[in-house]
Ligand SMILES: C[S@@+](CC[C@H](N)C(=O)[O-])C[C@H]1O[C@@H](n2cnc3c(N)ncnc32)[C@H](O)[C@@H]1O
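Let's start with one chain on its own, the form predicted on its own, as C-alpha cells.
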Amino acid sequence: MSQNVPDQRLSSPAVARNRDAILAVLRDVLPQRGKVLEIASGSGEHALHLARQLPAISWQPSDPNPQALASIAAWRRTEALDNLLEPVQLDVTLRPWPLEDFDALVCINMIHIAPWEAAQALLKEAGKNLEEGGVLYLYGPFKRDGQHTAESNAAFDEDLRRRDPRWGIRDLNDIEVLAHENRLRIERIVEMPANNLSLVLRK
C-alpha cells in the first residue's frame, strides 16, 4: 500500500451504517453481471464495499470533485479487486456524459446535495443510455406528498437550503414526474435506516 494512501482517504461514518442495507437492495435489483456506473461516489467507501460484495459486477466509480477522486483511488488501492475500476471525473450536469457503456446506475446521497438540474440530468442520461429493463438506483432522504417523513429530515432540509438555496430534500412526486418524462418508472420504494429511502427506477 502506498505511503500516502491514509492521507488521501476520506471517510464518512454514514457509510458503515447504511452500506449493508443498500447492498441488500442492490443484490435484488442489479443484473447478475455487467457494468454499474456509480454517480457521485464521494469518499469511495461504498464503491469498495459494493465491488467487494458483488464480484461479478464491474463497478465504475465517478465524481466531479478532484479530492473525492483521490480518495476513491486511495481506497481502491487498499484491496486488489479486479472489478473496481479507476474512478473517472464526471459532472452529471455536463451532458452528454463521457461514459455511456453501463448496464445500471447507482447514485447514493447526491440529489439533495445538488441543484435540481443535477437530478434532471441524471434521469435524462439514465433514460437515454440504459437498455430496456435497466435500473437507476437512488438512495437518500425524500419527502412524500410535500411532507418530510421525520423531524430530523426537516431540520436537515433547512440546513441544506441555508448552505445553498438550490439544494434540498426532493419530493417523490417530482421524481416520479421526472422519471415518466424519461421513460423510467419507480418500481420499488424501500424504507432504509435513518429515515432514508431506496428508490429503484426501471426503464
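Please read all numbers here as calculations on a predicted model, not as lab measurements. Residue indices: 1-based, along the sequence shown.
The same protein also has a form predicted in complex with the ligand, omitted here; what follows describes it.
Against the ligand in the predicted bound form, the set Val15, Ile39 and Asn65 is in full contact: each member has a heavy atom within 4.5 Å. From the list 53-61, 40-48, 24-32, 168-176, the contact stretch for the ligand in the predicted bound form under a 4.5 Å heavy atom rule is 40-48.
Among residues of the shown chain, Asp91 is one whose heavy atoms approach the ligand to within 4.5 Å in the predicted bound form. At the 4.5 Å threshold, heavy atoms of Leu99 stay clear of the ligand in the predicted bound form, well away from it.
Proximity of Asn109 to the ligand in the predicted bound form: non-hydrogen atoms within 4.5 Å are present.
Although the partner is absent here, Ala114 lies within 4.5 Å of the ligand in the predicted bound form, judged by heavy atoms.
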